[in-house]
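What follows is one chain in structure tokens, specifically the form predicted on its own.
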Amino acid sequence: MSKAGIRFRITDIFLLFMTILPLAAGIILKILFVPASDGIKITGAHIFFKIALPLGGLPITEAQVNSWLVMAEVLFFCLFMTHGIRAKVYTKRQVLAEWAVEKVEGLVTENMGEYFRGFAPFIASILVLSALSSLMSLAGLFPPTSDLNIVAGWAILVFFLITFYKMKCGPLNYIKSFGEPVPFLAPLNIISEVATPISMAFRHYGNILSGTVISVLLASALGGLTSLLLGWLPGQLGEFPFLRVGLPAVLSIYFDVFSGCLQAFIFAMLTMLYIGGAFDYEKYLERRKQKQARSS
């Protein structure tokens, strides 16, 4: 193998190692700094420390740290997938990467229109970040999506984008939209506007948190049921939680895997529909023509 080939392989191995490293770092941080709990104990994200600020302390929590770990994983995995891409030289990795890009671009174009084709990286980021954040529970880590602060931050960002694209048709048009279809519905339209990020955040957060709570409760119940049914067995056999072997993993397929990925897809779809629906392309073109006519 040539020196260039060896360097290529070493870079690949390094990128894969850096993709796995954040997950390993999260597990080590949890073992070292998050106190173990006895029995059923459902709490929020563990606070590692607080940064003193003039208006109060800024807590650095497990949810924030795990979010950054997920972003690091995604970054290095993307670098791995794009490493060595060449025009007209197709490898399995490049075909897979191009397929993913084409699928996301097709999804964005179908739901938002050709004007928003450049939104594909943003939508892909939401999908991957949300799904991987929820799947962190499979490694025993706190899923960032079960912290309302994390998901609310995403929803507020989407709300700003919705407002921005509504304003592209003109501030006056944006204000008039609250009085449609009839002016006396303006208070309800304003409430609906504010409720959009709230509903997005609570829908995502509630589904992920409820799955985590149900999984913990079922695992505890299976342990108690084992003691009730098989506690008569001698020695260590009577204390071993037989019913907790395998069954929680089967339930986790739905609560952690299916539900987590489904909520990521729903959040991304709502993002596309809200932003795409907020932008009136015809009015935008009409406003541009009026500006050009005035300037000329």
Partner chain sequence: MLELAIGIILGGCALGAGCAMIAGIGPGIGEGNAVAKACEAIGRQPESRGAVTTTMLMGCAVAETTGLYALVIAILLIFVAPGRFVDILMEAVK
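Residue numbers count along the first chain shown, from 1. Predicted model only: the values in this text are computed from it and were never measured.
A second form of this protein, the form predicted in complex with its partner chain, is not displayed here; the remarks below concern that form.
Look at 6 to 14, 270 to 278, 21 to 29, 283 to 291: in the predicted bound form, residues with non-hydrogen atoms within 4.5 angstroms of its partner chain sit in 270 to 278. Heavy atoms of every residue among Val213, Leu262 and Ile266 are located within 4.5 Å of its partner chain in the predicted bound form. The contact residue chosen from Phe202, Trp154, Phe122, Phe76 relative to its partner chain in the predicted bound form is Phe202, the criterion being a non-hydrogen atom within 4.5 angstroms. A heavy atom within 4.5 Å of its partner chain in the predicted bound form is found for one listed residue only; from Ile162, Leu127, Met81, Leu209, this is Leu209.
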